[in-house]
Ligand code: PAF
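A single chain, nothing else alongside it, follows as structure tokens in the form predicted alone.
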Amino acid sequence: MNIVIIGQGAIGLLWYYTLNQQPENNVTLQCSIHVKNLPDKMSFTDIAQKKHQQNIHLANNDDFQQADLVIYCLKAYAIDKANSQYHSITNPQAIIIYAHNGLLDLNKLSEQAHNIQPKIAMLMTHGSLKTNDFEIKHTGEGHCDIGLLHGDISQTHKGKLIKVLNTALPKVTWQNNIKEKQWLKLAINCVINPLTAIHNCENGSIASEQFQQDIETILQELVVIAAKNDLNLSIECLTKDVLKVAENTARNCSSMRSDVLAKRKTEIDHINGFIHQQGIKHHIATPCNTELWQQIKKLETDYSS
């Protein structure tokens, strides 16, 4: 399979390395224009702490035009620009996958798509840590849920896609209702990401008594907004999911906390900010999610000014 990976972050490099281990794949990497001094190889440390190297092959226009699969491993705020940049040179028959936190505007994705081109969401629980430019560690085995956002995909192509992804980074599961899975992950992100970033704590701290009222209020607001999007979610189930993830990743640093510590732009606009914007759209107050969104935006403004 001809595959282009867009993005050289922890997840992009994880897919680039693992997909390259299948000799039948031709995998290339599209890096940010801001990358300087590109090395010939990337470094990968597996779960068993063994180190490996993989040659880096950069994508060109021909690779996009011949691609069977393009995986966007980018921050949510970068997806629209990347879509606009690569849409015109991408094979109209290629399967497009988006791996990111938060939720995107599906109308924009549809506008940028060919009529029936399959666009797929990917939700991952694998742990991947970027320790240096083009150096990553696979810090935790997990799973991937994928499902159709736009267009159509045949059973043949679906089966081939799952086989390729599963061989590279198991376990990959097809979800007929990926929208619900996206909202379940959004709920976890709405709690863990902003709270760990604001309070500068590890994920496990979220399970303490200090945050119980915040968790309840964040999720209550999200459930109301989800109902306006034709989803019936349970606060009790969401709370259990949040606490389970906090426990399972207790020593981890959330992606938003990592961004804040590194003084980078966060994905808050597509997480709590998404709930805030949905609240405006449906004339529903979301004071807790709105406040968290504003607090993170203030942090970004403070360190970027």
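All of these numbers come straight from a predicted model, not from anything done at the bench. When you see a residue number, it is the position in the sequence shown, counting from 1.
Keep in mind that the form predicted in complex with the named molecule is missing from the display, and what follows is about it.
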item: Site check 101, 189 and 193: each within 4.5 Å of the named molecule in the model of the complex by heavy atom; value: yes
item: Proximity of residue 203 to the named molecule in the model of the complex, heavy atoms at 4.5 Å; value: yes
item: Interface membership of residue 138, the named molecule in the model of the complex, 4.5 Å heavy atom rule; value: no
item: Contact label in the model of the complex: residue 249 to the named molecule, heavy atom within 4.5 Å; value: yes
item: Heavy atom of residue 185 within 4.5 Å of the named molecule in the model of the complex; value: yes
item: Residue stretch of 233-241, 46-54, 250-258, 61-69 approaching the named molecule in the model of the complex, non-hydrogen atom distance within 4.5 Å; value: 250-258
item: Heavy atom within 4.5 Å of the named molecule in the model of the complex - qualifying residues of 290-305; value: none
